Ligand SMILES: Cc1cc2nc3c(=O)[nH]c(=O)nc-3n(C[C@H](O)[C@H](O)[C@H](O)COP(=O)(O)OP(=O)(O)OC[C@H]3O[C@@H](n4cnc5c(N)ncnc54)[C@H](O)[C@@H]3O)c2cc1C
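Take a look at this single chain in structure tokens; it is the form predicted alone.
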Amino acid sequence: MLIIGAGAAGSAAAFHLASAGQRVTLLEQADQNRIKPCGGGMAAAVQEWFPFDLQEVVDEVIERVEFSWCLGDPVVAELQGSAPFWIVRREELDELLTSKAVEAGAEIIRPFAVSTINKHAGHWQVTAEDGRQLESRAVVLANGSNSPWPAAFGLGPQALHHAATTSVRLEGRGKLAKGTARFEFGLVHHGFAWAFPIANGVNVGVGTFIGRHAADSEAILEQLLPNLGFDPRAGQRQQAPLRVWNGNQKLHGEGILAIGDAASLCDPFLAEGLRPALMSGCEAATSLNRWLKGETNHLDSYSQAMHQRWGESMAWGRRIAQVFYRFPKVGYQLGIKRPTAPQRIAQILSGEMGYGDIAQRVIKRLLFQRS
């Protein structure tokens, strides 16, 4: 069993497969874990998918979410409920999951930069750029938004939809209070900015979710960072396209699956990527384990599970995003500023609620009450 990519999705799949007694090899292109200044937010509800404690890599438990429009007109939501929102450093979460997979019996090979994937006589052959070659009955594609392999094997949406993102890792907390996350609308055309606290730092991001052009992130950061208490030139910056959900599509083939960002699972409205990455890794492991044991002749249970557990909510999330980001000021006034709206967003982030629970009311309100 070969898993390409040792991020959150790939390592989650490796842990569960190895724990089930399957022989697993993780192939990771990077020779060591690198800083990943993405938001790092995930619902605490993901803990139920793992038998070990994830809180050792949780930097902050979010108890309060602040929203703003062009750095003003604030709205605040206090998180109350059984499933809080956690902030982690992605590199630390990935390392924890990888180490647990190895403890369970998985092997990791790094660096291993994949150059070709082919199928011969019922087995998959994965060849590295340096000529090393491995064979397996099954392959899991878990190497992120830039992976060329899902399209090559007809997995995921035929028409990819990308969010253009810029992420910044900052030292110090600035003005961001403990246990507080921030969402800024208005500064970003067709998108939003966010600030999530980590231990002794903050992850800041800028994302554009509709249209083909990225936001002028430097101009936005020049306004946003001072508002958060930082120098406008501070921080380690990283730009990347992020595949977001764009329709329920087949995520499996004969002995091959796509998971995480490679499967285009990221939330098209709020850019949540960790929960679907971990969910898909766990679901992939369940389907693969049954298939490898001969309990089933196909892997369609994986695609079906992801469509039901994630895709149905994301279909509504995509519709909300298409309306909200085209009329963001109306969306802020009629959506975010409604008394119940911040709490609903908080419940979606915490995993307590899906977009389908609110979508029809929100879309009608935005379409028919805009001026």
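Numbers for residues come from their place in the sequence shown, where the first is 1. Predicted model, so just to flag it, every value in this text is computed and none were measured.
Separately, the form predicted in complex with the ligand exists; it is not shown, and the next lines address it.
J.: Pick from Ile108, Ala234, Ala271, Leu96: which residue has any heavy atom within 4.5 angstroms of the ligand in the predicted complex?
T.: Contact with the ligand in the predicted complex is made by Ala271 alone.
J.: Find the only residue in Phe209, Phe230, Phe185, Phe196 having a heavy atom within 4.5 Å of the ligand in the predicted complex.
T.: Checking each option against the ligand in the predicted complex, the one that comes within 4.5 Å is Phe196.
J.: Among 171 to 179, 154 to 162, 135 to 143, 287 to 295, which stretch sits within 4.5 Å of the ligand in the predicted complex, heavy atoms only?
T.: Result for this chain: 135 to 143.
J.: Indicate whether the ligand has at least one heavy atom within 4.5 Å of a heavy atom of Arg89 in the predicted complex.
T.: No, Arg89 sits far enough from the ligand in the predicted complex that none of its heavy atoms falls within 4.5 Å.
J.: Even though the partner isn't displayed, in the predicted complex is Trp149 close enough to the ligand, meaning a heavy atom within 4.5 Å?
T.: Close contact exists here: in the predicted complex, Trp149 approaches the ligand to within 4.5 Å, heavy atoms only.
J.: Indicate whether the ligand has at least one heavy atom within 4.5 Å of a heavy atom of Leu27 in the predicted complex.
T.: Close contact exists here: in the predicted complex, Leu27 approaches the ligand to within 4.5 Å, heavy atoms only.
J.: If we define contact as a non-hydrogen atom of the residue within 4.5 angstroms of the partner, is Glu283 a contact of the ligand in the predicted complex?
T.: The answer is no: Glu283 has no heavy atom within 4.5 Å of the ligand.
J.: Answer yes or no: in the predicted complex, does the ligand come within 4.5 Å of a heavy atom in every one of Gly5, Asp261 and Ala277?
T.: Every listed residue reaches the ligand in the predicted complex, so yes.
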